Every structure is written in structure tokens, then in C-alpha cells.
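We begin with a single chain expressed as C-alpha cells, specifically the form predicted alone.
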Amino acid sequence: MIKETPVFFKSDGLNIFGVVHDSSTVTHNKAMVFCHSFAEEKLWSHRVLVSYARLLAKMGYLCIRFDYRGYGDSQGEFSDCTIESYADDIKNAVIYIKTTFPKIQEIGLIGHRLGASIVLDRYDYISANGPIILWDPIIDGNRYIQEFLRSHLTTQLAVYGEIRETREKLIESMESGKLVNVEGYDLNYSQYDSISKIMLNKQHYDSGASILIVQINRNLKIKKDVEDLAYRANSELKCVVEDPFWREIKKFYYEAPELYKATTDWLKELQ
């Protein structure tokens, strides 16, 4: 039987909401911390992460999913968040597992999209000691945040029939201290800047952890920058065919079978 327990833990004085998944029939010595994606991507991918946490719990992992500050039922404002604050929240989720479940010997991290980028880039700071699983990591943060701003231009066309504020204007507004609302999320310059500076293919990673990168595509063609990242991180690389469930698509994803299988098979190989 899988137990799902709502919890709160502290991060920089804020209450961070999470859910712990564990099996009452298994003695746990391994845990996995789930690190979600950014803005609307978190909303659309939520069910996929829930379903996989339940699957891992059945396999004997104690899992915690949580909302970064400014998301869901956690305290804080979205506009105050940066890559650094997200990393703090992940670190404090790891600390919560260590202090609440002292029999846990190994704590791994599973990140999706921007969550995956933070997991890899801040692994040493986060102080986990288990495997790293990166689902479709954001490699070029500047390109990613520019695409995020582009969605605001699409909204302007739909609402006004024209673009009233270019991306350059939006960035200037943030630089002057104003908030820019994109898809219902208030973005400030600190957050914009911290994301835009992510460039995973500018360095090599020597975490000592076992790492899996899973590229999620509608075909099995692996992208060159993902291959490069796998080399730099000394990780295993897999490619799976799934629809982009982190976007608003016609099919609602309750689970991602190919993604789950690739990840689960890899975890079993580590045992």
C-alpha cells in the first residue's frame, strides 16, 4: 500500500509544501526528490511526476514531490524566485528527508526541464548523494527564457491583434524594476537574468554521481547539444518517444510509459 502524506518544511524561513510517497510494506533506504519544471510547464507535467513518484514508491523508494516557493501551496511570491532560491528549496527538501527519515542512506534527484538544469548545475550545493535523473534538461537558459517571452507576444496578437511590446521592451521593463506578466506569471529581472545565464554546455561536471539524461522527443533523433551535455556530465543518455506533456496539448498525460521504462530500467541496473 502506498501512503501519500502532505508535509511542510522550511526553506529560508518559508513554508514549502510537499507530498511524501512511501510504501508501508517496504523498509526504505533510498529516497528520490522530485524537482519540477518552470511556470506553466509545471502545471501540465504535474500528473506525470505524481504517477512516477507512485511507481517508484512501489519499487521501494521514498519519494518527495514539493512546490518551489511561489508555486502551489508553498509560501512566497513567484516574482521573487531565482535559480538560486529554487536550488535552496531543493537542498532543504534533501535536508528534510535526512532529518525526518534517518534510515535513508541514499537520496537521489529527479529533475524535469528547468528543474533538471538546476539539479545538475547545483548538485554539489544541494548535497544529495544518490543518482541524478535529468528529464529533458534545459541546456541553453537564454534561448529558453526568450521562448517564454515569445509566448507573451502571441498573447498580445490574440488579445490586441498586434504586438504592442516587443521582447526588447519587455526586458527593458524588467530592467527598470517592473514586473512582466507572462502566461499569468509575474517575471522580474533577477529571475529572468538567473535563467538566461544557464549554459550547461560551457563546463564539465564531476559530481561522482551516476547520471541519466533522457531526451524526450516525438522521434528517436538525439540532438547534438544533448549529446554534448551527456559527454560533459559523463552520463548515460537515452531518448524516448513521448509527446511534450509539459505543454498544453490535445492528449492529457496521466503517465509517460516510455519515459518511465527508460528511467526505471536504468535505476534497476544501478542496484
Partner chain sequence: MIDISPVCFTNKNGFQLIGMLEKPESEIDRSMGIILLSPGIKMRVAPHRLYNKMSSHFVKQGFTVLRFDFYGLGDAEGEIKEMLLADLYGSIQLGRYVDDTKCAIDWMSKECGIDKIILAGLCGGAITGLLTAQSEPRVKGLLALGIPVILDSSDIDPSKYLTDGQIDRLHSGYIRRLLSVHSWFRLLTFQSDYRVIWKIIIKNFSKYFNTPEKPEISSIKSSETKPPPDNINPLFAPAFIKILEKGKRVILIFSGSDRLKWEYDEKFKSLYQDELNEYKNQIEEVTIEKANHIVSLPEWQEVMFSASDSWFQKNFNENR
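As the structure is a prediction and not an experimental result, all values here were calculated from the model. Residue numbers count along the first chain shown, from 1.
As for the form predicted together with its partner chain, it is not shown, yet the points below apply to it.
Of the heavy atoms in V50, some are within 4.5 Å of its partner chain in the model of the complex. At least one heavy atom of S74 is located within 4.5 Å of its partner chain in the model of the complex.
Taking the partner from elsewhere, E183 is found to have a heavy atom lying within 4.5 Å of its partner chain in the model of the complex. Using a 4.5 angstroms limit between non-hydrogen atoms, A262 is distant from its partner chain in the model of the complex. This chain appears without its partner; in the model of the complex, the one residue of M59, L43, I222, V241 with a heavy atom within 4.5 Å of its partner chain is L43. The stretch among 199-207, 63-71, 227-235, 29-37 whose residues place heavy atoms within 4.5 Å of its partner chain in the model of the complex is 63-71.
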